[in-house]
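Both blocks below hold the same protein chain, though in two forms, and each is given as structure tokens: structure 1 and structure 2.
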Structure 1
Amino acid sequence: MAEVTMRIFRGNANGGEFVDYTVEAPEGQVVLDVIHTVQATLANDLAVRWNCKAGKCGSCSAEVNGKPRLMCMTRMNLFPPGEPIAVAPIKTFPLIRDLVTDVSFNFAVAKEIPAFKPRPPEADGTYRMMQVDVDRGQEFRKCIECFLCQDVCHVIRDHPENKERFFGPRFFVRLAELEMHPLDMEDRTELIRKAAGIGMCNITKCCTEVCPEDIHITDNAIIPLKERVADRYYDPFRWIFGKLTGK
């Protein structure tokens, strides 16, 4: 059993500071375990959001030594022994207290995305989809809405004013899932170009780097959406072909 020093941010929207807590951390623990030890022994009033402790609920997002991570999936042996481990709240959303932020921006954005609109059912009243057609969407369904991708995206992380005109990577994943769905009839291309602001993404792939579900956000969601927008708005050959063939 080793002693570790956790340098945890304590404060609220009015300000705060990092406070060092030294506790025992048995081998095999993750950052969230140690945060719980601190909360149980040294700082009963420490605010931290968590739920499943298994990397599936997306609640315990934080910045550990400056990197956006799920605390429950970050093993303590990642860090060099003897050095304090800094744990801070995520940057992109307003701080409520200590490690807890207000992520309601994301729920407001979610409401702006037109829901799944299936085509009419087949003659027997059912829908049929082949597995090959839903494989792509299943990757996107892995999203646990931890919002680490939203946190790390510099478009809103470094420019909060852009939240008015940029949905963020999590919602490009959602839009890609809907747009690529074989049964969906809704056309969201104009929304993707304009309201969602896909042109603001400069594909630096930080969202992909931090995704705990290993969703290839940039390659499989954002870039395909950019290409679909280019099909519609920036490709005269496709436009002419569509006019000639009626497609």
Structure 2
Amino acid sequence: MAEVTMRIFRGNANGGEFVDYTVEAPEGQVVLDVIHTVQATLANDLAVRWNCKAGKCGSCSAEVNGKPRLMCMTRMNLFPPGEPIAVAPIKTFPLIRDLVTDVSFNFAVAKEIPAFKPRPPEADGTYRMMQVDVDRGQEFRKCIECFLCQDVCHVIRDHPENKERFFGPRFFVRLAELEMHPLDMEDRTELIRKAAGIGMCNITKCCTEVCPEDIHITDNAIIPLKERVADRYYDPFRWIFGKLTGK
């Protein structure tokens, strides 16, 4: 059993500081285990959000030694023995207290996305899809809404004023899931271009790098959506065709 020092941010929207707590950490523990030990033994009022402790609810997002991670999926043996481990709240969203942030921005954005609108069924009353379309959508449905991709997106992390006109990578994944569904009839291209602000993304892939579900956010969601917007609004041949045909 090793002794570890957790350097945990304590504070609220008005300010705060990192406080060191030294506790025992048995072999095999993850960061969330040690945070619970601190909470149980040294800081009963420590605020931390968690639920499943299995990497599937997305609740325990934090910045561990400066890197956005799920605390329940971050093993303690990743870090050099004897060095303090800093745990801070995710930066992009307003701080409530300690490690808990207000992520309600994401739920407000979700309400702006038109729901799945299926086309009429086949003559025999069934729907049919190619397996490749099933597989493509399945990747996007792996999202656990941990919002780590939102946290590292510099468009809103470094410029919070952009939140009013930029949905962020999590919701580009949601839009891609809907737009690439072969049975969906809703046209969201104008929403993606304007309200979602996809043009502000410069595809640095920082969102892809932190995704705990290994969703290829940039390559498989954002770039295809950018291509759809470019085809609709910026393709000169399509523009000429539209002028000639009225379509």
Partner chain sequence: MAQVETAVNAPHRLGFLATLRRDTWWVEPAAIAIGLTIFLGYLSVSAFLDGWSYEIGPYLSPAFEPKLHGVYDAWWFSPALFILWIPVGFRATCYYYRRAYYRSYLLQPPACAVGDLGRKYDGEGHFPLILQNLHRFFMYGALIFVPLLWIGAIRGFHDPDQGWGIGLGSVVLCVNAFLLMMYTFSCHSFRHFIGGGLNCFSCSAWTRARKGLWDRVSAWNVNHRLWAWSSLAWIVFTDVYIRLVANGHITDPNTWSGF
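This one's a predicted model, so the numbers in the text were calculated from it and none came from an experiment. We call the rigid core whatever largest set of C-alpha positions still superposes within 1.5 Å between the two forms. Residue positions are counted from 1 along structure 1's sequence.
Structure 1, not structure 2, is the form predicted in complex with the partner chain. Residue displacement note: Arg238 has its CA displaced by at least 2 Å between structure 1 and structure 2 (rigid core superposed).
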